[in-house]
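Just the one chain here, laid out as structure tokens, in the form predicted alone.
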Amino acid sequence: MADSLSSKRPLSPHLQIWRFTVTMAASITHRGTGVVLYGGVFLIVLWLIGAAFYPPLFETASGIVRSPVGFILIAGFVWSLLFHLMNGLRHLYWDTGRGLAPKTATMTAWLVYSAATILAALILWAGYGGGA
């Protein structure tokens, strides 16, 4: 009897049931930015090793950083760092038991995306173009 009942029910919610929301995107993005940060720190360590022990590696890395591709890599790293930081603060806020209502969670997810983008643009502008 248990076999006949369980065979008619789905084992877990299917993707067609879920509606894509900004809070879901923030969760996925948080995990993705964690991976990006690992890769970025690895590249920074290679650059520092080159600076300390192997000047040709340092010169190559410095040339890449000054290129358009390097700018994109740095911009992605800066945005990832800011998003991951702010979303982590959002999770700390949730740990206090506040901000868990769906409306508030949605608002703070949008706020994290917006703030990460604005702050990254300001940091990159200051570092590459306007403020130095």
Partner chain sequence: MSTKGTSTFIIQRFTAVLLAPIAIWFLFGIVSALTSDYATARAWIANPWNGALLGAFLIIGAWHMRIGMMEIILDYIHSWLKDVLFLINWLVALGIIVASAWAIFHISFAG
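Numbering follows the first chain given and starts at 1. Just so it is clear, the structure is predicted and the values come from calculations on it, not from any experiment.
There is another form of the same protein, the form predicted together with the partner chain; it is not shown, and what comes next is about it.
The partner chain is not shown here, but in the model of the complex it comes within 4.5 Å of a heavy atom of P55. Among heavy atoms of L37, some come within 4.5 Å of the partner chain in the model of the complex. When contacts are judged by a 4.5 Å heavy atom cut-off, I123 counts as touching the partner chain in the model of the complex. In the model of the complex, at least one heavy atom of L81 sits within 4.5 Å of the partner chain. Of all the residues from 39-77, those having a non-hydrogen atom no more than 4.5 Å from the partner chain in the model of the complex are V41, F42, I44, V45, W47, L48, I49, G50, A51, A52, F53, P55, F58, E59, S62, V65, R66, I74, F77.
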